[in-house]
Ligand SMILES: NC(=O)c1ccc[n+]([C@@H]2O[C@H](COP(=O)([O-])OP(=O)(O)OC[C@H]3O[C@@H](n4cnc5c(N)ncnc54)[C@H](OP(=O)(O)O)[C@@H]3O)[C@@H](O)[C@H]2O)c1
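This document starts with one chain, in the form predicted on its own, laid out as structure tokens.
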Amino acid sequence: MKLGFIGTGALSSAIVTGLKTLECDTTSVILSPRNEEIAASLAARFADVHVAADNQAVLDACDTIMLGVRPQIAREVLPTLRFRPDHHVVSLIATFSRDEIAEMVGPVKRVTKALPMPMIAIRQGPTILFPPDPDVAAFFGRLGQAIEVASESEFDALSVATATYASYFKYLETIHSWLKDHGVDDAKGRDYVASLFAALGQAPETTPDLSFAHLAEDYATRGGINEQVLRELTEHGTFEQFRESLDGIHRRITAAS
């Protein structure tokens, strides 16, 4: 595979970093010069990563092209490029449908949507793919977990989950801040919260037969402190409001695509 990137932002950088820190990887990578600082940094770090003179040079040198340009400029950048019918285009642009991307890349017959996570840089986390493609699944499977989906509506629904990162960290920050207010050392509190939730995150994998609802019940011991916090948050409508926020993100994603 000769892998090229049109658009060299944070996500493209994470993919290249995850790939190139694999033992014995020999994939040739060509980057567009769009983000000169990121592209130069990756080329300096990895011997077989190079920066092309322009976007067209990326296409001319590669057979697999990952699109990482911002949605705001994709419509003006992509139609100006000369794609080949034998190119395999993998779009990382979440807000464009597969059909919209296919229209912009002209004669290309093989177009896949992919949504990896930033933690792909350390080869963790899922990447959703549509339509199912064995080559793309194998590629992202080396960098975490590849999840192939059967429809674009399913892809859009799963994409909504990625809107929850900041809220998750705000949840942790609230606990950490409360600990500091009650005399716990800043670094010690942060380490404790990070370690605690890293361990909790293993529960779904170690008990795959239990639903998230069952896990919540198991951890909410009757009359215990977990039950109290869960009850109070539920009574305040916290989770219902959270669900409404997910509905709003879903409307935004589906309207855009």
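Numbers for residues come from their place in the sequence shown, where the first is 1. Since this is a predicted model, take the numbers as computed values, not measurements.
Not pictured, yet referred to below: the form predicted in complex with the ligand.
Just one listed stretch, out of 73 to 81, 144 to 152, 176 to 184, 97 to 105, contacts the ligand in the predicted bound form at the 4.5 Å heavy atom level, and that stretch is 73 to 81.
For the residues Leu92, Ala121, Val136, Val89, the 4.5 Å heavy atom test against the ligand in the predicted bound form is passed only by Leu92.
Ala10 is the sole member of Ala10, Leu246, Leu22, Leu233 with a non-hydrogen atom within 4.5 Å of the ligand in the predicted bound form. Each of Arg34, Asn55 and Gly68 places at least one heavy atom within 4.5 Å of the ligand in the predicted bound form. Taking non-hydrogen atoms only, Leu115 approaches the ligand to within 4.5 angstroms in the predicted bound form. Contacts between stretch 129 to 154 and the ligand, counted in the predicted bound form as any heavy atom lying within 4.5 Å, involve no residue at all.
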